[in-house]
Ligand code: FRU
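One chain comes next, on its own, written out as structure tokens in the form predicted alone.
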Amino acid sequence: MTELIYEKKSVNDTDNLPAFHVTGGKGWINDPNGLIYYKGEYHVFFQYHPYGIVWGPMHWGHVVSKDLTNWKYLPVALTPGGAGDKDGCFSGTAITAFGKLFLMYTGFEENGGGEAVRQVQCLAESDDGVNFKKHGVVIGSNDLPEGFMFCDFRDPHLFCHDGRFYCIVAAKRAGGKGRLLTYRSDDLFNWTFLSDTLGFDSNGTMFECPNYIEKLGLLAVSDQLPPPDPEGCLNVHSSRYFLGKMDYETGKFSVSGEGILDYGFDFYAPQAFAECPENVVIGWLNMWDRNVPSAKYGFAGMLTVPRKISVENGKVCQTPIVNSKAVFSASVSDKLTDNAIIGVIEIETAGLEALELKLRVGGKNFTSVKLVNGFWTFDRSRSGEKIVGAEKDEMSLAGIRKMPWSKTGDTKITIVLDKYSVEFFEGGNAMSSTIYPAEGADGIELTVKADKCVYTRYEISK
């Protein structure tokens, strides 16, 4: 394999890439993988095709950070071509054990496609967190319970409880839908199947990218092709969560609550950092089955900003983590104008009655978020370059997404802006979407009716 040349060495580069969202530098990326806090740094791996701007033979890209905002690019961690992974190294997770850093991932072999595809779970290890030695297949086709398909068996989530290792893997029943399967091991190499984790099907055709946060009793999953839900997620693929409790003897997870993780156009495959003092999640800030206008710049796909995640009153809550400093603040009685392409905006209100925020205003184009009938309505219909995909419902075609308003006495909004994205947070909910405005479109227009409103803008700290 030709040695990769990294044109993007840090997020300080002034080019057409996002300013502080992780990309592959050049090429295609999708799911975040193997998030772990290791030797004083946050490690993020990701699905990466370095030789094209469309999905292709998957590698594992790799970045590290000390502050979750400024990222350093490291060499590719996994390259396809080994035992079980000759056509791709698909998604997985990371863990430390026996004094080493281990990656468990799905090995992919095309074999002509269809049911001849083989997906198996492989293991790699590292002494330094940079260079990895592959061990090949550790959970293979023969380890699948009867009635499950060899071609849809992927995305292992690895964790440790009371000195034993567990792995939750997405799988598909023959002639049916997606399920999750739980395995257990004492050494990471020899695994025993325990159970069908949830005991019920995916809403859509297949579960993907399970992620279990033990401290929160939270199991996140991504769902392929679920039925559209106007009150929830209309994307052709969505990310959900289940709250509950894991029985470590049986490997079964009992569900006590559920919901969706992001109401925006572009959010998938969320993963939490292992061995991290706080519960921090990153997702893929893009969506399958859509065009990606950034391809003209040589890259496709990026990751969300990290989000601190908690469970409050039976609901998952998220707040963004961005290393930034305040540079402008003002009280707003009616209207305010400002300018920014990159940064963070906070709007704190009391007695809120109405609010509309226009971002990236340039000429007749803008992206807006507006409070309408108890919902935050995000509109990218006039954002710039058109983003079109598989969704055919009325709201999607109109460029609209909605998120419930918390309706608390005091409303705090946080918006994270980068060159091609808007991530909107309020009341613990999140709504994340890509946009592709004209170069230089930097206008901000806020119109508000409230007893009190304070607008603050932050710049990213380097």
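Residue positions are given as counts along the sequence shown, with the first one as 1. Just so it is clear, the model here is predicted, and its values are computed rather than measured.
Another form, the form predicted in complex with the named molecule, is not on view; read the next lines as being about it.
- The listed set 157, 179, 154, 380 contains one residue whose heavy atoms approach the named molecule in the model of the complex to within 4.5 Å, identified as 154.
- When the named molecule is considered in the model of the complex, only one residue from 436, 55, 405, 37 comes within 4.5 Å through any heavy atom, namely 55.
- Among heavy atoms of residue 241, none comes within 4.5 Å of the named molecule in the model of the complex.
- Interface residue remark: residue 267 is not counted as part of the site for the named molecule in the model of the complex, having no heavy atom within 4.5 Å.
- When the named molecule is considered in the model of the complex, residue 375 lies well away from it, no heavy atom lying within 4.5 Å.
- In the model of the complex, the named molecule sits within 4.5 Å of a heavy atom belonging to residue 208.
- Against the named molecule in the model of the complex, the set 31, 91 and 288 is in full contact: each member has a heavy atom within 4.5 Å.
- Residues placing heavy atoms within 4.5 Å of the named molecule in the model of the complex fall in a single listed stretch, namely 47-55, out of 62-70, 392-400, 426-434, 47-55.
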